[in-house]
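The chain below stands alone and is given as structure tokens, in the form predicted on its own.
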Amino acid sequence: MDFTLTPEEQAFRDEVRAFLDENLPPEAERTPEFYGTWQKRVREKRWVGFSWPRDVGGGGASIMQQAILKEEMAKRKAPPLGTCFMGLAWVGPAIIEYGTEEQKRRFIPDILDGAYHWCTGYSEPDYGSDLASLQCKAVREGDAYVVNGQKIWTSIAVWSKWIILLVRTSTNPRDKHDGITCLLVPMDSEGITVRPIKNMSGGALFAEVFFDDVRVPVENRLGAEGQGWKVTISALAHERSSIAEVASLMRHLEGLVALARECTRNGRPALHDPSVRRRLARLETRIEAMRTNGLRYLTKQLKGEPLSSETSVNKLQRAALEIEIGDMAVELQGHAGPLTRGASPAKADGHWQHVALAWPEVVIGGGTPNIQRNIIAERILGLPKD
């Protein structure tokens, strides 16, 4: 891997650093007004959707420019570039690749501007790890599809305006991956019911979504009928190719080290305990392995090679690390570990307890660990299908 920067790439790094020096205050000084101004300024720079083609409003950036921007933003703990996470991560790229010109004009500017949120209707009560067996059905009636069925574990469905939805339009396909169609559906459509699923930390990021005779115009189909699986694989590849989560894990680890300094074990700071230091070292080693694995993906992209199933390795590692970091933080606090926000002995007002309970949002989203293990076993190691 050779990441020596060209003069143009070094100039871009200098530009990003200068922008951050001028526009990014310390975390403690970031007011609600700042976040609105921040999004406006990075949008003007075309850093939202930075990798997207310029003719749809993106930045038209090279792969290396994207890597530089992400690295510098992560170093300074900058806010996200854009507010429509799912739209930017995979809905927008899918529309750019498979959408009609009308769909691009209709949806891409709003995704870049963060005008509203998107959610993803993939998993069903009986079909999560085997997504290709989904049963939510759409029957075409004239110029509309009529959708009936249910989705579950739908992130941010409660406040999303649109859903990218996978439905079955053929009941007797030659292969179960055939006969699946992708639709773009307004969440305020008649016949849609959303029921929040409350999690262990008290939040409700996930929801069940029910479809009862929901009519969706054919013009809202993304890609060809029966080719929804191809659209989905492409969309998830955009999500899983990101290595930005490494920076998030490093921030968690830095916080965990600080917590170990505050907590005591045998009358001394827990950070002085050899067993604690070994556990922290193992966590750091695994995060570093994720980082170098991400650089391997970046190398493939720079060579023009497509990313495929290997990105599941980092997704699986992140899931395990999120859980272990939260568990260790609670354990370090001893008798205060089970306490939550508002309880005085809890460190950081129960922040770490919330982290320890909120892991399902990260671990389930984008495919559970068992899904990732199956992908790695079957598509990378060539083992028989489960």
Partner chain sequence: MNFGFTEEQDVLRAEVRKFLDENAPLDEVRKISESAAGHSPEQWRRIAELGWTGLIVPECHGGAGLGAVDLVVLLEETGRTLYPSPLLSTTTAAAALLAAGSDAQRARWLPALAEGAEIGTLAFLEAADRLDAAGVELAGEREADAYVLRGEKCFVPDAGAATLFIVPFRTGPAPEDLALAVVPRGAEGVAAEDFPGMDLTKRIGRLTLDGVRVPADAILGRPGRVWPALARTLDFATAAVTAEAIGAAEGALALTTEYARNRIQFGSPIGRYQAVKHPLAEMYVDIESWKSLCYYAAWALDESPDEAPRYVSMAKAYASEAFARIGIDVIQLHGAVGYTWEFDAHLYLKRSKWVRPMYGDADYHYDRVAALGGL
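Numbering follows the first chain given and starts at 1. What you see is a predicted model; the values in this text were computed from it and never measured.
Below, we turn to the form predicted together with the partner chain, even though it does not appear here.
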Counting only non-hydrogen atoms, choose the one of 69-77, 287-295, 164-172, 208-216 that falls within 4.5 Å of the partner chain in the predicted complex. 287-295
Would A281 count as a contact of the partner chain in the predicted complex, using a 4.5 angstroms cut-off between non-hydrogen atoms? yes
Residue-level contact is defined here as any heavy atom of the residue lying within 4.5 Å of the partner chain in the predicted complex; does Q65 satisfy this criterion? no
If we define contact as a non-hydrogen atom of the residue within 4.5 angstroms of the partner, is N23 a contact of the partner chain in the predicted complex? no
Does K303 reach the partner chain in the predicted complex, with heavy atoms at most 4.5 Å apart? yes
Among T31, G267 and A329, does every residue place a heavy atom within 4.5 Å of the partner chain in the predicted complex? no
Sequence order please: the residues of 351-377 with a heavy atom within 4.5 Å of the partner chain in the predicted complex. N370, R373, N374, I376, A377
